[in-house]
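First come two forms of one protein chain, each written alone as structure tokens, so that there is a structure 1 and a structure 2.
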Structure 1
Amino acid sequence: MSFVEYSEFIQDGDVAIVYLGHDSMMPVKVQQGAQTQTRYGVIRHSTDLIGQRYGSKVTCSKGGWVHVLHPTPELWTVNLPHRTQILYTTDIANITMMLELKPGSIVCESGTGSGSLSHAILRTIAPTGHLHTVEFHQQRAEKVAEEFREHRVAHLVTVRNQDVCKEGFGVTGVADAVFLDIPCPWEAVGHAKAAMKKQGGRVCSFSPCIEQVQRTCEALAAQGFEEISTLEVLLRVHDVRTVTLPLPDFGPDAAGETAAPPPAAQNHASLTCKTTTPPREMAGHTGYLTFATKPRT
């Protein structure tokens, strides 16, 4: 298992995703001899997981069963331990496309946070790209570096524990793309520019507040960035339902033909159809995404 390469079978040391049911999952570090408690009973790693095919059904001790899934950055995003607020797949997808990431891209990122975006970036830039990620919180930087090792992507990433606004990314003139998710992105715009290739590249800043966007855009324009564009994306989930709608009874038709429908059927007359309903609540705001192009300098 690796976050950048599929494997067929579960092995000792893998991180697997146990799928318990609708939107209910948990990450499991597979270890010879270990056990994991679920609401359907115990999973014994040595017998239930190791050597099994990813995607297989595993019967737990209480007779219930779960599916064991191969980890992907998207599954990790909904399963990772939160140490910070994280970026979700909808924003990540747009960031990846708008930053023009692809295998071989050199990317700078700050802050690393819980590593949700980092994993998605690594998946996209492997096997020949590299991620330079900067996190000013020491424990967080150490923890995420450990996760990168466990997920077998450590060779693709350099984690630096420093303040990007003061010390930059630790590299100059190498990046194809820079991503900023920090409280004062305008203070790091100059560092972002310095980190990027002289031939140019793309930059993105994620900020929840419009005031941050305002200042960041001014800084980007002042530093000579072009094609500055701010957007917002929201995910709308449609829950598939079967609905039954009763039909009203207007009484017998005056024009006659009263005998047509039997009265019993009329009382229970209803129509059933498949449709979707929106969830009662949804994420109405995550953050504004500001993109820009660094021209050749």
Structure 2
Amino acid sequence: MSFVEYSEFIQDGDVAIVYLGHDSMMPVKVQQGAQTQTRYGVIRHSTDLIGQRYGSKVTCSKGGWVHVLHPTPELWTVNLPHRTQILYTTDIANITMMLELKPGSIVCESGTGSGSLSHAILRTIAPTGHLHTVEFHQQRAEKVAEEFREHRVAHLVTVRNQDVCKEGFGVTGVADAVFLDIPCPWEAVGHAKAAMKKQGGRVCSFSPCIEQVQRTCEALAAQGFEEISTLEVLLRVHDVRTVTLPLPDFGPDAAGETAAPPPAAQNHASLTCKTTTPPREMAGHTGYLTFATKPRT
């Protein structure tokens, strides 16, 4: 199992996603002789998981069943242990696209946090790219490095425990793209520029407050970055449902036609169709994404 390559069968040491329902999943490290308790009963790793195909339907000890899914960055995002506030797929998809990431890209990231975005970047740049990620907090850096090893992507990533605003990314002139998710991104813009290739590249900064955005844009402009833009992604999911609508009675179609029967005798015609309805409530602001381009030097 790897987060960047698909495996057909579950093996000892894999991280699998136990799917109980759309809003109920959990990551499980598969180990010989281990057990996992669910509301449907116990899953025995040796007999129920190891050797089974990913996507299999597994019957638990109480008779209920679950599906066991191959891990992906999207599934990890909604199941990972939160050590910090994380980025979700709505923002991640835009970051990946706007930074123009592709297989072979070299990316610098700070801070690593819980590794939500990191896993998505690694899948995109595999098999020949590399991620240089910087985390200020020592315990978080050690934990995310351990997860990268468990998820078998450690060969694609270098984790550094340092202050990016003071020490930079630890590399110079190699990055195609830089991502900043730190309290004071304007203090790291100079280091971001130094880490990027002479051929240019893209930088993105995620900030929850508009005051942070203002200072970051000023720093980007001062460092010679171009095409500076900021966007906010708001997801509005419409519900698809079946509705029945009454057909209106407009009276006789032509003069001289027999008058309509009294209301009690009318056959009330209706139309049933699929339609969408907007949500009564929706997720609001998460953060602002500021993008800029480093010109060739």
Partner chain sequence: MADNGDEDAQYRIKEGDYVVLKRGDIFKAVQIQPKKKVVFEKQWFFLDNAVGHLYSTTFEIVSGGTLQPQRPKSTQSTCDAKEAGTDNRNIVDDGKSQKLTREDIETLKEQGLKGQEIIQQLIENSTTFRDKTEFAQEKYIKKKKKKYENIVTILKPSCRIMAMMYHGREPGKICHLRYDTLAQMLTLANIHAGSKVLVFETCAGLVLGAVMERMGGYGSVIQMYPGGGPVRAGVESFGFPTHFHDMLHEFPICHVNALLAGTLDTTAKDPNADAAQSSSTAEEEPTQPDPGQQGSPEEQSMDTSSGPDPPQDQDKEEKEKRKELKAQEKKVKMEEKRKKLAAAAAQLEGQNADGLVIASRFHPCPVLIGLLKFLAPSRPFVVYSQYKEALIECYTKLKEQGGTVNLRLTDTWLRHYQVLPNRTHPVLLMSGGGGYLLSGTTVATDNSKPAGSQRAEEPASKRLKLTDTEG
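Here, residue number means position along structure 1's sequence, counting from 1. For clarity, a rigid core is taken as the largest C-alpha set superposing within 1.5 Å between two forms. On a predicted model such as this, the values are computed, not experimentally measured, just so you know.
Enquirer: Structure 1 or 2: which one is the form predicted alone?
Expert: Of the two forms shown, it is structure 2 that corresponds to the form predicted alone, while structure 1 does not.
Enquirer: Evaluate the two-part rigid decomposition between structures 1 and 2 and tell whether V144 and I182 fall together.
Expert: They share a rigid part, so that V144 and I182 shift as a single body between structures 1 and 2.
Enquirer: Could you let me know the angle, in degrees, that the smaller of the two rigid parts turns against the larger between structures 1 and 2?
Expert: Comparing the two forms, the minor rigid body swings through 17 degrees.
Enquirer: Align on the rigid core first, then pass along the CA displacement of P246 between structures 1 and 2 in angstrom.
Expert: Its C-alpha position differs by 9.4 Å.
Enquirer: Give the rigid core superposed Cα shift of T277 between structures 1 and 2, in Å, rounded to one decimal.
Expert: Displacement of the alpha carbon, after core fit: 4.8 Å.
Enquirer: Once both forms share the same rigid core frame, by what distance in Å has the CA of V237 shifted between structures 1 and 2?
Expert: Its C-alpha position differs by 2.8 Å.
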